[in-house]
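What follows is a single chain, given as structure tokens, in the form predicted on its own.
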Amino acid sequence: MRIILAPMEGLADVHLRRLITAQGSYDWVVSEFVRVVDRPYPDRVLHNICPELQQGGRTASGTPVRVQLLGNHLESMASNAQRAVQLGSYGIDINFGCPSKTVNRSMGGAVLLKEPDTLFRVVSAVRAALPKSVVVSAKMRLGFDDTALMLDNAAAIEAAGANELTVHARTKLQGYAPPAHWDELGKIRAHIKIPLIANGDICTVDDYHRCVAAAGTVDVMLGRGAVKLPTLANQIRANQSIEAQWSSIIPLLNSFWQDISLVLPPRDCVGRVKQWVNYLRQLHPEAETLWRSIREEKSSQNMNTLLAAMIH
């Protein structure tokens, strides 16, 4: 069993990655994507997306971090992959799953699922640029509008030399709407020989077992389920569902607030806390109470007072 923390653009930044991986049980984490254009980036761009590169390519608790690249410019994807690995990235992941309209208009992310040949060329370029010992992975969805090219896309990624494939069990059109279609992952598992990592709607230990049964793989990538329940990976490994105590979440929220307050503008800090609490309230009744008190809050000072009051 391998458990990976998913890349979640605008949500799982370095601060949340630090807190969630500190709870343990993750084999690695994938960074938010670096949007590659037609040139190699200076190191500061890679460091901005993945600050862990400045600490040996690992989170503070020692979990390896894999840089994710998004784009279709072959030379630039290759050169930026090389530099990311030189800076300490634990392999390279390629994003073929982002559903953002802005990204898709620029021929990046899920829109490339319409073109299996393009997937092949992008993965091939990155694979050829790196030593064989460096893992190249890709993350895709079941398709763009439908699943018609699902198996072709998976086969193209494998044929291009990827070491493993993560699949979010929805199409781009389905976005994040429930349910995740784990049964489709089973079809992909039967079609490729490289390891398959299942992703989508794994929020409980029971979800994990149902996904594994349908997908035919024990390897999973946890996304929003881990944001709602930071100990989810531990529970899956122990095969034991434990109701999270709000008292264990409070220190994490406070640590998150202290962390982001050092580097983000006050208004952004308030917004980030609201964002996380909005996810937490889906599992924790106490978070619902907190949400009601902060959802209209704009003052950093007031937010700091509210969070400090929870500690005492």
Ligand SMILES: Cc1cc2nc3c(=O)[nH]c(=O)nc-3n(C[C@H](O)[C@H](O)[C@H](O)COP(=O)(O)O)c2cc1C
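Numbering starts at 1 and follows the sequence shown. Quick caveat, the model's predicted, so the values are computed rather than measured.
Heads up, the form predicted in complex with the named molecule isn't pictured, but that's what we're talking about next.
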**Message:** Is residue 199 near the named molecule? Define near as a heavy atom within 4.5 Å, in the predicted complex.
**Reply:** yes
**Request:** Using a 4.5 Å heavy atom cut-off, state whether residue 276 contacts the named molecule in the predicted complex.
**Result:** no
**Request:** Find out whether any non-hydrogen atom of residue 223 is located within 4.5 angstroms of the named molecule in the predicted complex, and reply yes or no.
**Result:** yes
**Request:** Classify residue 8 as contacting or not contacting the named molecule in the predicted complex by the rule of any non-hydrogen atom within 4.5 angstroms, answering yes or no.
**Result:** yes
**Asked** Tell me, which of 72, 137, 89, 95 has a heavy atom within 4.5 angstroms of the named molecule in the predicted complex?
**Response** 95
**Asked** Out of 300-308, 8-16, 285-293, 21-29, where are the residues with a heavy atom within 4.5 Å of the named molecule in the predicted complex?
**Response** 8-16
**Message:** Check for me whether the named molecule, as it appears in the predicted complex, comes within 4.5 angstroms of all of 68, 168 and 176 - heavy atoms only.
**Reply:** yes
